Structures are given as C-alpha cells and as structure tokens.
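There is one chain below, alone, in structure tokens, taken in the form predicted alone.
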C-alpha cells in the first residue's frame, strides 16, 4: 500500500472512497499534515472526541471566517460564555418535548404534503421532490411563514450557501440576500413579541438565559439563516444518503419496512457508518502535542468525523451495517457522547459544547419521511444504469442524484 500524501486527500479516488485511506492513516499516521489545505488531520475516534471536549484549546473560530461576513456572528463560531448563553436561549425550542409536542405533527404534515403529488408508479427524483424541499419547508412552517414563502426561502438558502465560499460576486450577493431576509424576519419578530404563538420565532424572541439575556433581532435573523443553510443542506443530504444506504442494504430495508420502530436504530447506524459531515476544523489557542508532534498555537486541527465513526478499535467490522450493533448507542444522540461500558456514541453530529443543536429536528425529519416513503412505495429501485454516486465534496459526503423507480405495488418475489 502506497504512503498517504497530501495529494491523496485531494484526489478523485479519495473523494469516491475515502475509507481505506482513513484506515491507513489511523494505523500509520494518526496525525497527518495536509500541506495543501494547511491542516493537521486527526482520524482516530479517541483523538477526535478529545478535541471536541477541549473547547478552551480547540476553538470554533474558523467558522467566523465562513459565516460572519455573510450572515453575521452565530453561536457556531463562539466559545465560552458567549456560546453558552446563546445556546441556552435557543435550545429549549429546538429539542426534547417542545419539538415533539409542537413540531412533530408539523413535520408529519409537511412530509405527507410532499409525497402526495408523487406518482404511484414511475420515476421519481427523490432529492428534487422530497429531500431538498423538506428541511426548508419544515423551517418555514416552524417560523409561521405561509406556503408562498417556500420558493423565497430556497432562494435565500441557495444564495447564502454560495456566498460562504467567500468568492465574489457570490459573497456580496449572499450577504445582500441575508440582509433582505433579516428585514422579513424583523417584521415577524415585531409581530410575535406583541402576540406570541407556538412558532419558532416566538420561542426564540421570548427566550431568556438563566441570567435574563436575550438574543438581539440581528442575532435571531442570523440564527434563522444558519438554520436554513447549515441545517437545511445537511438534513437534505442526510435523508438522501440514508435512503440510498437502505436501498443498497436489502436486509435492513426489509427489516425497517416490517417494523418502523427500527428506523431510529437504523438512522443511528447510518450516521455512524456513513453520515454526511466529513470534517470539522478547530483553531488552536495554545500549543499542543499529538503523537509526538508539536503543533503551534494558531494552527488549524481538522478532525475527520467519518473516520472516527469507522475506527475499528471502537466499532467491530465498521463498514458492516449492523442494525443490532452492540458497540453503538442506537438511540437518540447524546451531547456528552464518548464511550461508556463498551457502548460508543457516533460523532456524526459532533460532541460537547458545539454538538449540533438541530440533531433532534434532523432525526425527526429523517424518520418521519422514511416511514412515510416506505408506506407509500412497497417497491423502490435504482434506475437501470443510473445508480447514484456518493462522494466527498468539501466538508460533506453526499449523492450526485437519487432518481429511482417507484411502485405502489409490491415488488415481485424472486
């Protein structure tokens, strides 16, 4: 096996199938310097979780350069008290019982509305018709926006995402689109402050930290843009990836078809084995040492989440999709993460302070949409000669398409 180089990590072969490279790095070079991206890459599960736990040394500052110039400061780039205060205001309306009581019925209704117009038999573009519009439509409904805003929110998300690469003229266009969107949100904030409802903006606008702090109007708008961009794109790709994996694992597909209560475990195993997010970056606030190598303050450490989730020292036969896996927490994700009594949590949503605040919403969307899809279509198959391709694209691993043949009649037995 040839030695891994920086060029390896930027090759088409790696983008198509990175798992062999990560396995080699975990064994031979658990700390690897990528000279092309100027990043120090960590690939082992224990190393990745150690970085996520030490927020004082491993700062989320790299995301400041991505988001601030486009949508303004967000909690994603903050550390310490600034982050904790803002998260404590937003979290109560995003997770737990509030989400289940207020938003689960809403999610189910949105899913049903997207599936209803699809043909009973024929060809369906599942990304274009379901996975792409679903997260944005859910957020719009959570915000209390009418259906007429759907196309506009898609436009906002697309332009802001294009702006995050930092290249003109897309950067300025995305910043302008966020400013325009923030004005729309500001009008909703004014209305909800006077007459609160059960929607997301009311919850955030009236939310307070334990010491009484609240988000400014600009911060609310920035958080909503972040939810549209980061949450929308990631949830879209997670759902598409999950459906693709189920279609390539017929025994798992048969099991979840027969018993929808297994969908939660299937989603957890999917997030471990495949997931969506490949990397996260952290900036060093102090000098550290990893595997005998000193890394100076100011350098960027890149953690490979997917590699950690496929670490064979933690998960037996990691590339096997095991619906009853004993070494993985198959229930809802835990912010504290890590390993306890031989059972590990995947790090597909991160871990610790910056654990994805939308994880509960994403899980609810994926499980609801999958159950409904399987109920509607007893038969799903890839189109002949058009099997999708999944590959690494910047910080995500996702499909190029998901056009499938569907039928409301069961597939013939073989």
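Numbering follows the first chain given and starts at 1. This is a predicted model, so every value here is computed, not measured.
Keep in mind that the form predicted together with ligand HEM is missing from the display, and what follows is about it.
Check residue 380 for me: does it contact ligand HEM in the predicted bound form (non-hydrogen atoms, 4.5 angstroms)?
Residue-level check for residue 380: no, no contact with ligand HEM.
Ligand HEM contact in the predicted bound form: residue 282, any heavy atom under 4.5 Å:
The answer is yes: residue 282 has a heavy atom within 4.5 Å of ligand HEM.
Quick one: is residue 33 in contact with ligand HEM in the predicted bound form, heavy atoms, 4.5 Å cut-off?
Outside the cut-off, so no.
Using heavy atoms and a 4.5 Å limit, would one call residue 353 a contact residue for ligand HEM in the predicted bound form?
Yes, contact at 4.5 Å.
Heavy atom within 4.5 Å of ligand HEM in the predicted bound form - residue from 140, 94, 205, 110
That would be 94.
Just to be sure I understand the contacts: of 246, 215, 277, 185, which is the one whose heavy atoms reach within 4.5 angstroms of ligand HEM in the predicted bound form?
Of the candidates 246, 215, 277, 185, 277 is the one lying within 4.5 Å of ligand HEM in the predicted bound form.
Where does ligand HEM sit in the predicted bound form: which of 287-295, 165-173, 68-76, 123-131, heavy atoms within 4.5 Å?
Stretch with heavy atoms near the partner: 68-76.
Can you tell me which bits of 345-376 touch ligand HEM in the predicted bound form, meaning any heavy atom within 4.5 Å?
Residues within 4.5 Å: 348, 349, 350, 353, 354, 355, 356, 357, 358, 361, 362.
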